[in-house]
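As structure tokens, one chain now follows by itself in the form predicted on its own.
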Amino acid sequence: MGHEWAIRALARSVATDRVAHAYLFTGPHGIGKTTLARKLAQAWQCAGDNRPCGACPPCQKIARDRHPDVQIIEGVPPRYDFDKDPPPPPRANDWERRALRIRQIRDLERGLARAPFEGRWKIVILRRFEESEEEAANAFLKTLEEPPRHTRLILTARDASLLLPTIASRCQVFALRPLAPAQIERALIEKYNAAPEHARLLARLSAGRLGWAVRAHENRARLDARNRYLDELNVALSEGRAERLLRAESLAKKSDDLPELLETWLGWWRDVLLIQNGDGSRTTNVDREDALRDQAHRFTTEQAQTTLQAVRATARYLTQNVNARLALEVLLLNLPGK
């Protein structure tokens, strides 16, 4: 939904059998890259007349991730041991850190050397390829340059610029764009039976990512976490320095939550700035408009802008192995308020 231009182009390539050996779908997490990749795999393997029909055995097997010739691969947690650990479960959230390892690429190469078991192609979908270790990315380049004739490859990534230029240049790139909030809101109401107010909130918070909105609708824990993060921020704004230091220590212990927490705080300060600049109709935290307006009047535009930049910088520091507690202490001590 919402990527009709990409669907039309891919449908033409399937209909005319002018299929590239490798595709790269880019866009934010939850925008629909893996969904589109799975649908393309169904179209390639479909046994029906109108590909993908969704009803034939190959289409149904791919939908359930049970097709022997269609494989979805993504990275593993940092301390994952291939010889001792069980297969890693799906990611608990969009921010969980994983990396595609060289061993996964070697296993992939061995699998691709064999002919398809029951389908026309051997298809591999490599999710979040931007998270690959450098050694793995370099090893995959050989497969991308000289793939077996029966192979089709689909990569997904947040942005093509995060991949090696030699990898991106060998793929047909489809950059998926965020959907309009009204389109997501309508889809949640019509297809997922969401209440109108709930759909409106999720559509605004989703940043144009239908997949994120659907998961948040189906799993209340996402909104619960977002509410906790905003409560943490609003309490911190009324605290003194000692209390903020203790809060930084507490938050740093939940390192896996920090990327999403900081992203939530970024959205909050963007909303404050929008209201200060007379553009409140574009805010995302529509269920907390009173608190937003209160802070828009309580703080200056310079304070809001400085805080927004500080939150963004902290998020960047955490990707560079900076001490999380120290980074949060600096951020919280420089929040406006007391």
Partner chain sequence: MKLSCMQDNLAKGLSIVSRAVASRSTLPVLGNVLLATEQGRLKLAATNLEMAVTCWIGAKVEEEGATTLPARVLGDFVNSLPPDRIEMELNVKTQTTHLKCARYDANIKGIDAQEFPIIPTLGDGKRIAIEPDALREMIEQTTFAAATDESRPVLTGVLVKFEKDKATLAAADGFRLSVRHTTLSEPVEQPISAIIPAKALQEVARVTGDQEDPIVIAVTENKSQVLFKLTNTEIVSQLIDGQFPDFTRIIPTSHQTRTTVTTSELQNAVKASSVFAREAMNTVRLQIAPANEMGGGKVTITATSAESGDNVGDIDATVDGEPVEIAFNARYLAEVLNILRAPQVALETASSASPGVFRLVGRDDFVHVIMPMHIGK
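Positions refer to the first chain, counted from 1. Predicted model, so just to flag it, every value in this text is computed and none were measured.
The form predicted in complex with the partner chain is left out here; the points below concern that form.
Taking the partner from the other structure, the partner chain in the model of the complex has no heavy atom within 4.5 Å of any heavy atom of R79. None of the heavy atoms of P178 is located within 4.5 Å of the partner chain in the model of the complex. Heavy atoms of A115 reach within 4.5 Å of the partner chain in the model of the complex, making it an interface residue. Taking non-hydrogen atoms only, E302 never approaches the partner chain to within 4.5 angstroms in the model of the complex. Stretch-level contact check against the partner chain in the model of the complex with heavy atoms at 4.5 Å: of 293-301, 65-73, 273-281, 30-38, the positive one is 65-73. Distance criterion of 4.5 Å from any heavy atom to the partner chain in the model of the complex singles out D85 from the list D231, E146, E218, D85. The single contact residue among K142, R110, K254, K191, judged by any heavy atom lying within 4.5 Å of the partner chain in the model of the complex, is R110.
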